[in-house]
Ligand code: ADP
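Just one chain is shown here, as structure tokens, and it is the form predicted alone.
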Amino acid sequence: MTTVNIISLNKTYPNQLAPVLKDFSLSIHDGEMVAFLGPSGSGKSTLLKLITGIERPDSGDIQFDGTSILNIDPNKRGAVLMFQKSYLFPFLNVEDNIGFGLKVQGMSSESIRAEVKRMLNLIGLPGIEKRKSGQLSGGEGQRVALARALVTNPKLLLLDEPLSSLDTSVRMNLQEAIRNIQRELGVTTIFVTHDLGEAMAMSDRMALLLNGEIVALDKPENLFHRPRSVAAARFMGVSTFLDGNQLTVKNEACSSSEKLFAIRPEHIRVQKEGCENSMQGFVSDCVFRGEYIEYQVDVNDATVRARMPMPAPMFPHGEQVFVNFPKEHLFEVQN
């Protein structure tokens, strides 16, 4: 399919002092799905606009298979953008919605019908060609929008939070469907989302964006278990950071007081007895979450947040406990 190279992109909007993207570079492999994860204003949507030609960068380049696309008309770049809403044409039925791009390209009616049928089978909605868009559920509408985006065989598929407005069950089903379809077609894909779980479930690699820059880029499992910086760790749900002086176990993993270590909340243990690498504190909150107990323990001047899978003890507010940081789950991070 397509290899995408984004090279030193810079973009500042008029009347804004801070750039939206700063020297932004990223390579996306042929057939890969990369998720862009970050808060509002981090530059995710701007990047999609630059790729599709809605906006132009102040400097830098975007290349498809080694060729710059910046001077190519937006409708000829081969990058298709799918939005949060389906934006289907309300006056057209499903067949005409999906086949619209092929009709513009001059494909014959017979070929369009065949391609529409193929795409409906691919998205799991065979036989709805004549249904009006207003008769579709939210999940069905997004599947049809996906089919419309893919039927023209784009070089690059851009997904801008296409599942954010859907119910949880529908959203999870569509996550699986989009991932399976993307793999089957082998289309290079950029997926923008605020949802960490969604990004981990769907992507080959995740790029964490803050203030127009990539603070981490790796496979989801690597970023989840061993993020390399404090910023990336916070992104991934880590809130406990310890320097070497706070650790009672001195070993190869944590031998320097100058190093900073982190630990995921589900790896922290809250117990009545002290041990190596533990600190005394007092329970400020203890909440039953079904599959786990969530604790907040005041230790010195900080609050440690922990999650222990069931069965786990419930402690009353103010109970004196020890918070244990198992050495095998500590990992080093950089500020």
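All values derive from a computational prediction rather than experimental measurement. Numbers for residues come from their place in the sequence shown, where the first is 1.
A second form of this protein, the form predicted in complex with adenosine-5'-diphosphate, is not displayed here; the remarks below concern that form.
Peer 1: Looking at Q296, S45, Q271, Q63, which has any heavy atom no more than 4.5 Å from adenosine-5'-diphosphate in the predicted bound form?
Peer 2: By the 4.5 Å criterion, the partner-contacting residue is S45.
Peer 1: So which of S59, S68, Q280, S40 gets a non-hydrogen atom within 4.5 Å of adenosine-5'-diphosphate in the predicted bound form?
Peer 2: In short, S40.
Peer 1: Looking in the predicted bound form, any heavy atom of E266 within 4.5 Å of adenosine-5'-diphosphate?
Peer 2: Answer no; every heavy atom of E266 is more than 4.5 Å from adenosine-5'-diphosphate in the predicted bound form.
Peer 1: Do Q320 and adenosine-5'-diphosphate come within 4.5 Å of each other in the predicted bound form, heavy atoms counted?
Peer 2: Looking in the predicted bound form, residue contacts with adenosine-5'-diphosphate do not include Q320, since no heavy atom lies within 4.5 Å.
Peer 1: Is V20 a contact residue for adenosine-5'-diphosphate in the predicted bound form, using a 4.5 Å heavy atom cut-off?
Peer 2: The answer is yes: V20 has a heavy atom within 4.5 Å of adenosine-5'-diphosphate.
Peer 1: Is the gap between D285 and adenosine-5'-diphosphate in the predicted bound form 4.5 Å or less for some heavy atom pair?
Peer 2: No, no contact at 4.5 Å.
Peer 1: In the predicted bound form, which of 302-310, 32-40, 287-295, 272-280 comes within 4.5 Å of adenosine-5'-diphosphate (heavy atoms)?
Peer 2: Comparing against adenosine-5'-diphosphate in the predicted bound form, the contact stretch is 32-40.
Peer 1: Under the 4.5 Å heavy atom criterion, name the residues of 7-22 that approach adenosine-5'-diphosphate in the predicted bound form, in sequence order.
Peer 2: Y13, Q16, V20, in sequence order.
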